[in-house]
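The chain that follows stands alone, in the form predicted on its own, written as structure tokens.
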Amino acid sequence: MANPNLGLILKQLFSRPYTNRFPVKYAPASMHATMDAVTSGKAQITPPVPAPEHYRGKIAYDREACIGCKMCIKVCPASAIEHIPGPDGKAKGSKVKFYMSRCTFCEMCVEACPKDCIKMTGEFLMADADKNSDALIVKDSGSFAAPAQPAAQQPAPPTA
């Protein structure tokens, strides 16, 4: 009797992996020593698989565009967004901050924001030993406007 999953198994056997491989070929004894070797150029790491186009990664927040309406806080199912009152304790000038350690990446805050000041990025490397570290708290990512293109670099003149 043929296995009903045989076709799926064969298909997955010959398809490309969708996971990120370990950064180095073999598991090192010390990851700190390995990263030191990478930064000094003695070792190379495996580049990560690029995130898909509509991947829900780390949140980007444009603090200047935010009007402090708190709609994102109301729709967040994980209570991952905290209100920061304005300078004088009033609603005017109030902002929010995002705790990525609590976020479920549901994108409800992005949909609810009337000023489009919240976006999901393709960044997925957020591992940290401390869930309250500054790397996992988003207060301001800057403007979403396209950055100015750098001027074309001229090659350096040959030296004799």
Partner chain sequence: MAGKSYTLPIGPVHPALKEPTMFKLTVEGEIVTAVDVQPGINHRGIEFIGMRRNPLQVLHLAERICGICSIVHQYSFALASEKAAGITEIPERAQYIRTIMAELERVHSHLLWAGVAAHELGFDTLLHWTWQLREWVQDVLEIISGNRVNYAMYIQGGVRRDISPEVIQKLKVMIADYRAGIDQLCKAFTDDRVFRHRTMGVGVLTYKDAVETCAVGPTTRGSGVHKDVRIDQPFGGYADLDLDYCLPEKMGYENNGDTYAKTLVRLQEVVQSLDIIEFCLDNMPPGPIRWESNMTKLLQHMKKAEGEALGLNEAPRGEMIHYVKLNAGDENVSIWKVRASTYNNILAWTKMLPGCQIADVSIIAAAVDPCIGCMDRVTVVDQDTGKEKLFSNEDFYRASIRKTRAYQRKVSP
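Positions refer to the first chain, counted from 1. As the structure is a prediction and not an experimental result, all values here were calculated from the model.
Beyond the structure shown, there is the form predicted together with its partner chain, which is absent from this document and is the topic of what follows.
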Contact residue in the model of the complex, from 45, 37, 135, 112 (heavy atom within 4.5 Å of its partner chain): 112
Its partner chain in the model of the complex: contacting segment from 99 to 107, 60 to 68, 29 to 37, 122 to 130, heavy atom within 4.5 Å: 99 to 107
Its partner chain contact in the model of the complex: residue 52, any heavy atom under 4.5 Å: yes
Any non-hydrogen atom of residue 77 within 4.5 angstroms of its partner chain in the model of the complex: yes
4.5 Å heavy atom contact, residue 84 to its partner chain in the model of the complex: no
